[in-house]
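Form predicted on its own, single chain, as structure tokens, below.
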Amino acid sequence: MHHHSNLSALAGATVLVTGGAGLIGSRLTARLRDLGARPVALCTMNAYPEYVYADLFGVHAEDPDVVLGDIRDTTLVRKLVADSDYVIHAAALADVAACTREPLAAIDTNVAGTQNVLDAVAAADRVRRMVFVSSASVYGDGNPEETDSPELLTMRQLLESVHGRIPPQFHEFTRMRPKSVYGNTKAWGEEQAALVLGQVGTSYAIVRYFSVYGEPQTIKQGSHSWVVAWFAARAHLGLPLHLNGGGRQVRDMVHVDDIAEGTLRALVSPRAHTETVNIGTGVPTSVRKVAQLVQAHYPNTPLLETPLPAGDPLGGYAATRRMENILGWKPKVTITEGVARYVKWLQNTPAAAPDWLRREPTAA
């Protein structure tokens, strides 16, 4: 199952990671250093307060391998890409709610910025492969009617009438149906990477991340998407956990360590050339289940059922066979273990449960 040899190809290589100071980016650069590569992190470092980067993610603007800058800066991006053996394009306005509030900002970063990176990669002779970081949000709420036979559909309707909704499994070959501005920019980025890099014959791979969590993830005001971090922080402060719509939404929770590992494998696996791969566990986990796992560590925490906000995706989970075949790997960290690790980290890093949370009228 394991092809460890693949990652050794990164020893001595220069790897540009756009968005390299964020939660996932900082994990990627740390893992690259362990492998003997030279990571270069390009980041604006404006998605979080400064202490988050410095104290939680361990990234400082003055670090020699951190370049403070924007993916829309053509000259800078060209220079960095020209000096790189590999590129991981992870920079994005990744907050789904923020993209919905400010669609032009999302287009500016996720569309124009991505085009800028693609142009630079297409023009560079040295780049061996680019990985474009996409998201399960390109699937929207899934489209079971396209993949199911009439008999299966009847069976599904019968089961749904008894159990409520059956979460869809998202396969890489199903049609993209994004339900958000963010998902739409990612769908565009996937198509554009294939178009631009396909024309010049530069190798690329596309990874679709499912719900990423894990220490040192920290919550942001006005963003409600990170269920493990939200629930743990609220429980840590003795606040109730709000289950929107009863917490029946389903997520495929992938630990950030596994996200980093899967991404690096997509960077070097020969079979990943021009492929699109889910990075998920293949296990559907309800939001209620996450709340219960957190509650197990903070037994006095009440769970409150609240209305489902408009546009909250009901969710689905990853089909993983293609990932296992192409990358020769599957994620290791279970949600139970991942929540336990996060809670332990939070207890050792109480500043990560921010004080403004106590004053929030309602939160996720």
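Throughout, we count residues from 1 along the sequence that is shown. Please read all numbers here as calculations on a predicted model, not as lab measurements.
Omitted here: the form predicted in complex with a small molecule. The next part is about that form.
Q: With the partner absent here, would Tyr48, Ala90 and Gln217 each sit within 4.5 Å of the small molecule in the predicted complex, counting heavy atoms only?
A: Looking in the predicted complex, the three residues Tyr48, Ala90 and Gln217 all sit within 4.5 Å of the small molecule (heavy atoms).
Q: Sort through Phe170, Tyr182, Tyr204, Tyr86 and report the residue having a heavy atom within 4.5 Å of the small molecule in the predicted complex.
A: Contact with the small molecule in the predicted complex is made by Tyr182 alone.
Q: What is the one choice in Val212, Ala291, Ala235, Met130 with a heavy atom within 4.5 Å of the small molecule in the predicted complex?
A: Comparing distances to the small molecule in the predicted complex, the residue within 4.5 Å is Val212.
Q: Work out which of the listed stretches, 62-70, 334-342, 30-38, 321-329, brings a heavy atom within 4.5 angstroms of the small molecule in the predicted complex.
A: Partner-contacting stretch among the options: 62-70.
Q: Taking the small molecule as it sits in the predicted complex, is Tyr298 in contact with it (heavy atom to heavy atom, 4.5 Å or less)?
A: So Tyr298 does not count as contacting the small molecule.
Q: Is Trp188 one of the residues lying within 4.5 Å of the small molecule in the predicted complex, judged by heavy atom distances?
A: The answer is no: Trp188 has no heavy atom within 4.5 Å of the small molecule.
Q: Given that the partner is absent here, does Thr285 sit within 4.5 Å of the small molecule in the predicted complex, heavy atoms only?
A: Thr285: no contact with the small molecule in the predicted complex.
Q: Going by a heavy atom distance of 4.5 Å, is Val15 a contact of the small molecule in the predicted complex?
A: No, Val15 is distant from the partner.
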